[in-house]
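Given next, in structure tokens, is a single chain: the form predicted on its own.
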């Protein structure tokens, strides 16, 4: 799978900030430059958010894509509306999008509300007895499960996400409205993160795309500032109620099921811990786990503009006067919601056999026992454990560890016997 993250090595200084932030240990620093191991990257975008030198960007499309289609529909992610301060009407944003050249606006909240209606009417599509289900709305989490928690693949809800359901409905209605063939209707997503961009370009569980292009939220945000000022009497194009418009934040999906044991988890560290507890059967009381790798869900995506907490506040104000629910699921949409095929494992192993894998693991463990276990990052790896695996797999050398170099300088003296003046200050013995 092609990732949506792009690294500009000219801007990279090898500071290792991104190495420490990556939840899947997909980044290393080699010869003062970061390197992304694409096989381990889940496109969460944390590197984009933390890089002080803006060396990372996201593969996206521009408004030039509108010229390729006769009729264009835009799907604003639910979090998009929360980016604007002092906004009093969601439809001002929609009217501004029409001024940019789009022919119609279908908020992703529409698909969220349709999914909510389906799941409330038919709990068997999302709940299973004796199985803790994990939501598939966050594509970074889905890829994380397929890569690191493969035993939990049956737990993942095999359903289109909200913006994909919206796209299916939008194309169906546009064909009826315009008489154009489906391929001449372009649908673009205003995306908050690289993971959703990748889901547009290479859908999860689907044989073909339902969305044609992905537009970066921060870019569209700027382009909308002037058109929105000219809007005086916006028409109602939101259609969804509080239920769908609350979907973008962490806990929005959980609010649909007040009588069920639903757990909402956001943030990479928290998601990793909860998935580990489910896999180890330590978490047993939840029926459904709503997961989002970004803090506060999509409001925390790296392509957003506003602080995720204040954006959530903006959104809360915007939906105060709206009805709880506007839309109901129909059979044509219901039939399209399940995935075309099951989620597949992502193989990141370089070993050709189980025997070779065990040999590599044993070699890594032997080296790890000799390391100081400071996880300092000076070797370019996020931890001593990761460094030992890199060495065993041939991606690094033992002397890439600064403490091994010191050991050589001191004629094999162990770390415990080294003099403090030869050790970097943060790792010296306490006074």
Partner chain sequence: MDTVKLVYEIDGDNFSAAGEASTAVKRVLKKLKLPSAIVRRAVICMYEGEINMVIHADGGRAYVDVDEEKIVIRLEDRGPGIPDIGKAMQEGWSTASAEARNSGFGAGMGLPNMKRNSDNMKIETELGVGTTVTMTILFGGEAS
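Model, not experiment: these values are computed from the prediction. Numbering follows the first chain given and starts at 1.
In what follows, reference is made to the form predicted together with its partner chain, a form of this protein that is not presented.
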item	value
Its partner chain contact in the predicted bound form: residue 259, any heavy atom under 4.5 Å	no
Non-hydrogen atom contact residue 355 with its partner chain in the predicted bound form at 4.5 angstroms	yes
Touches its partner chain in the predicted bound form: residue 373 (any heavy atom, 4.5 Å)	no
Proximity of residue 361 to its partner chain in the predicted bound form, heavy atoms at 4.5 Å	yes
Check all three, 276, 279 and 389, heavy atom within 4.5 Å of its partner chain in the predicted bound form	yes
Contact residue in the predicted bound form, from 344, 151, 122, 184 (heavy atom within 4.5 Å of its partner chain)	151
Among the candidates 65, 385, 59, 53, the residue which, in the predicted bound form, approaches its partner chain to within 4.5 Å (heavy atoms)	385
Interface stretch in the predicted bound form with its partner chain - options 279-287, 318-326, 172-180, 200-208, non-hydrogen atom within 4.5 Å	279-287
